[in-house]
Every structure is written in C-alpha cells, then in structure tokens.
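Given as structure tokens, the chain that follows is alone and in the form predicted alone.
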C-alpha cells in the first residue's frame, strides 16, 4: 500500500469509531449507515500529511468508486476533499478488500451526470444536500492503480 505515516483519528467520535470498527473487522461490522453499505477512504492530510480515514457511502460500478463530497449540504467541502486535491493517491477499503486508487474530480458533463445518478440511487439524500448548498458538490472518481504507479505516486 502506498500510504504510510502516522494515523490521525477523526475528531468526530462516531466517525472515528465507525471507521476503526470497519477496519478492525475487515468490514464485517460497522459496514452500513441506515442500511446502506459504506466504504472507508484513507487519504493523506493536505496540511498535516497524516493518514485520515473517512467512512463514506459505497457508490461502485465495475471496480471504480465515486466519493461524494457532500458534507450533508454544508457550505464548505469536507476535509477529505482537500486531502484528495493535494494527494490524489488514496486507499479504499470495501469490506475486506483494500486497494490503492487514484482519485480525480469529475467536472460537469456527461460522466459526472452518470455518477451523480448512481450516487443518488445509493443515497437519495444527496439530491437534498445539493439543494441545501450553493456549491456544486464534488464527485471524486477512484480508479484502481497497480504496482509501479502506486509506488511512484506515494513517493511524489
């Protein structure tokens, strides 16, 4: 895995406990939110460089995932969004499967529209969150990376 460093737990107790339970049990426990499946995203902190773990809704299609930076419709982006801007190489755990991914933010257009629809099918509240905020909620497409690319990305 390319991400190494000191783990900095979330300051939110419920978020920290869910991500840690999920990881500790390989997704056997803490694997849903209101009956919908989740994944755990590990990023490098944009400012701190420390490992950050975030439980997010599972939006997957053909081995790729989208992470929705909704923050419940808040006016600002979640911290993990800024982490991916600074360090697009990340790790995603889906149950016991943990892999390296490269994230890219989806610009407005057809690809984003398809993924937005998929996300709203998984978690219909996303549509409400978008109505609550003036910002366009970012979508981050995560595509798997292998071998040399993962190693090179961790060093750069």
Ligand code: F42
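Keep in mind it's a predicted model, so treat the numbers as computed, not measured. Positions refer to the first chain, counted from 1.
The form predicted together with this ligand exists for this protein as well; it is not shown, and the discussion that follows is about that form.
Contact annotation for residue 99: none of its heavy atoms lies within 4.5 Å of this ligand in the predicted bound form.
With a 4.5 Å cutoff on heavy atoms, residue 69 counts as touching this ligand in the predicted bound form. Within 4.5 Å of some heavy atom of this ligand in the predicted bound form lies at least one heavy atom of residue 57. In the predicted bound form, residue 114 stays away from this ligand, with no heavy atom inside 4.5 Å. Taken together, 18, 38 and 83 are fully in contact with this ligand in the predicted bound form: each brings a heavy atom within 4.5 Å. Residue 46 is the only one of 46, 127, 106, 28 with a heavy atom lying within 4.5 Å of this ligand in the predicted bound form. Residues 10, 11, 12, 14, 15, 18 are the members of 10-28 with a non-hydrogen atom no more than 4.5 angstroms from this ligand in the predicted bound form.
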